[in-house]
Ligand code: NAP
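Let's start with one chain on its own, the form predicted alone, as structure tokens.
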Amino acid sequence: MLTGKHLIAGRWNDGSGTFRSDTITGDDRTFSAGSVELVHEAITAADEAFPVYSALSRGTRAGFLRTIAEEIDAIGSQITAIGSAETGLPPARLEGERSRTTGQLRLFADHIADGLYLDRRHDIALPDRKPVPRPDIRLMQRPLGPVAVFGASNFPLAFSTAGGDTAAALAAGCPVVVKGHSAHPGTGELVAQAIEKAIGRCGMPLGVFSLIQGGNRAVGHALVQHPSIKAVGFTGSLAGGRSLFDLAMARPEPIPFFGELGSINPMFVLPSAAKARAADIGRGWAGSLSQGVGQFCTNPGVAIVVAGTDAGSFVKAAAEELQKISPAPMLTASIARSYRDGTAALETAEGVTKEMGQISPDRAAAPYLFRTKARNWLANPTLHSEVFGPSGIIVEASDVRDLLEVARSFEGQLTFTVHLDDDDCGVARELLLIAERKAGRILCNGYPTGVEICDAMVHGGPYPASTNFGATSVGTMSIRRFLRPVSYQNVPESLLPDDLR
């Protein structure tokens, strides 16, 4: 079933080298490694496909997205089997992620079919207007051009080969070149096979999609720097994303780089809520913190509570819940090493107390829980770094003023969560004014893991949560990242795009 090759404009190609997958169960597999030459071949094909694909009707593109979803679902059991072997994620998680991925494709198909995303506008000519006539001006959103997408390690389906960035770009009318993540190359290839079948069924230009597996940094750099690439979608580390972002900005023609880079997603427990239900909130936080071995970009890594409001019950309940969780494999060995390094740094940090946690061997990870005072948190910015995994730190504020000062200390985040009761609304108003400047999504009385795919969702935020605070990588608004407005002034009706006539 697997070729171990790259899909370049309808052909399965070998690379100049190879790499081995690192599976949790079963045998490792050999895959061809990407090269700069393959990048240029794929992007050339995408550039040639762009005039044809972007000119297709919205209904035709919508049908293509639905067909991709059908083909992915048709091999769902195979995707689950290889995805679980490669990542260690349980089958139920992968089946849910596949449903999310195909549901997103279908949602985007429905969204572009109605045409509202085009934001069409028409100012009719006013030839008799004084002192000067007004021309006929029409506006609509048009696709940017070929898009590069970098697969994510922690979502082998929803943020990878046919994930959010790919689906949004294809919906917008842009061909896509994906650099698959080496953590799950077999999963990526199976999804690429499904897209290949959809291309054939729908008669799409072959260059509309290509997948390049693995490869060194030069491959990623070539993808970002190629002059025909007009935008980049990236989900990954702050260091890797910032490096690619800088390359995108340094091009002779800078391009949009939509990077999701990191977030610790603070959760604030306000006094009345803590007095009423501290233990329940603590248990809920522990569940969210440890979900998927803590490998979610929305993992709520820090909780802020106020001393004297039953903070002790919150800590006790969270610790007891986390102690029930057995070590589990992380997505890659390097992620596991980084997790061990991050928790070790917190263990030795000044003013930080370890409530529970232990080192796990090899690729496994177990939860950790730490505690510190707000003054120590504010004085030590190194505590604010993301520890990717099931590790949480509780920050104890002396009063609500202290809590608000902690809120102001955060850099950009994907989410801010607030637990409140009616009597907390006064301080909550102040907190939400801070949160609006710090995060893309604000939640009340919930937990941030689990990102709904819908029209109103924002999955992004001020830097370093993402590199473009005005965009989202989840929800129908994500399609707008790969469009730009074009005005048509006094253009004859016969020459206008079909959607503007």
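Model, not experiment: these values are computed from the prediction. One-based numbering along the sequence shown.
There is also a form predicted together with the named molecule; it is not shown, and the following applies to it.
For the marked spot (268, 373 and 446), a heavy atom within 4.5 Å of the named molecule in the predicted complex is absent from each of the three residues. Of the stretches 319-327, 109-117, 300-308, 385-393, only 385-393 has residues with a heavy atom within 4.5 Å of the named molecule in the predicted complex. Residue in contact with the named molecule in the predicted complex (any heavy atom within 4.5 Å), chosen from 234, 314, 368, 285: 234. With the partner omitted here, the residue from 221, 201, 121, 401 that has a non-hydrogen atom within 4.5 angstroms of the named molecule in the predicted complex is 221.
When the named molecule is considered in the predicted complex, residue 101 lies well away from it, no heavy atom lying within 4.5 Å.
Although the partner is absent here, residue 262 sits close enough that one of its heavy atoms falls within 4.5 Å of the named molecule in the predicted complex.
In the predicted complex, none of the heavy atoms of residue 343 sits within 4.5 Å of a heavy atom of the named molecule. At a distance threshold of 4.5 angstroms between non-hydrogen atoms, residue 154 is in contact with the named molecule in the predicted complex.
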